[in-house]
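The form predicted alone is given below as one chain in structure tokens.
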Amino acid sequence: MLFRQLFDRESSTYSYLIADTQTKTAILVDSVLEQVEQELKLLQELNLTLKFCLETHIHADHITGTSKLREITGCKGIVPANAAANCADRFIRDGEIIKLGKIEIQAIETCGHTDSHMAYLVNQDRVLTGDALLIRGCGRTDFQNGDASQLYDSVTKKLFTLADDTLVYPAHDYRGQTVSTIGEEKQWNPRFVQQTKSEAIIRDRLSFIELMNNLNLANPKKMMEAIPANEGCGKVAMAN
């Protein structure tokens, strides 16, 4: 399996290129419009055929490259079930699996940051967590029908039940961190964990909700542009 983590500096977004080295088929997760030329260049250099563009959710801070990539490569666009997207070739549901040669990518419904969100477990040893679980953090829950209680369950009852050595690859990082593990996040993620003198314990639901309701974060700069554009897989942005 080929696995590459790509980065868009402006939005601090990680995209992921995953490919089966035998069939030379590839999937891009959370592509960024401004990085499409670089993504295409990498696909060409590695002699890969792009089969799918996959989204963890409808992003508010960048515009997806799916529409442009679909136009150029003929790939299929896949978004989480119930996402407000009128452009998808497929809506993926909890537990469904995308196969790419010997690679299996399993969808795990992880709503709360938004009301339609998936994490993706790749070959049982790494999970693309989108904005549900970040490295030592998590996505906000104050717009796009976010729900702190729902995010709490998504992380503690689903992601935190994966094996401790499962690698965690988020959709964003703002401090230069690139990868973590489920075990690390269960031990050190301050959004979900409280440190005592002797151990780390998972926050209770009410404590998490109170914390999330008092973040007082500014809206993403591209929010008004990005959300409607991503509901059209980037078509709105390209038409402007």
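Numbers for residues come from their place in the sequence shown, where the first is 1. Note that the structure is predicted; figures quoted are calculated from it, not measured.
Beyond the structure shown, there is the form predicted together with a further copy of the same chain, which is absent from this document and is the topic of what follows.
Asks: If we take heavy atoms and a 4.5 Å cut-off, which stretch out of 52 to 60, 177 to 185, 65 to 73, 202 to 210 is in contact with a further copy of the same chain in the predicted bound form?
Replies: One stretch meets the cut-off, namely 177 to 185.
Asks: Wondering, does residue 40 line up within 4.5 Å of a further copy of the same chain in the predicted bound form on heavy atoms?
Replies: Judged by the heavy-atom cut-off of 4.5 Å, residue 40 is well away from a further copy of the same chain in the predicted bound form.
Asks: In the predicted bound form, does residue 193 have a heavy atom within 4.5 Å of a further copy of the same chain?
Replies: Because no heavy atom of residue 193 falls inside 4.5 Å of a further copy of the same chain in the predicted bound form, the answer is no.
Asks: Taking heavy atoms and a 4.5 Å cut-off, does residue 34 contact a further copy of the same chain in the predicted bound form?
Replies: The answer is no: residue 34 has no heavy atom within 4.5 Å of a further copy of the same chain.
Asks: Since only the chain is shown here, I'm wondering whether residue 136 would be in contact with a further copy of the same chain in the predicted bound form (any heavy atom pair within 4.5 Å).
Replies: Residue 136: contacts a further copy of the same chain in the predicted bound form.
Asks: Any chance all of 5, 12 and 173 sit within 4.5 Å of a further copy of the same chain in the predicted bound form, going by non-hydrogen atoms?
Replies: Verified in the predicted bound form; spot residues all in contact, yes.
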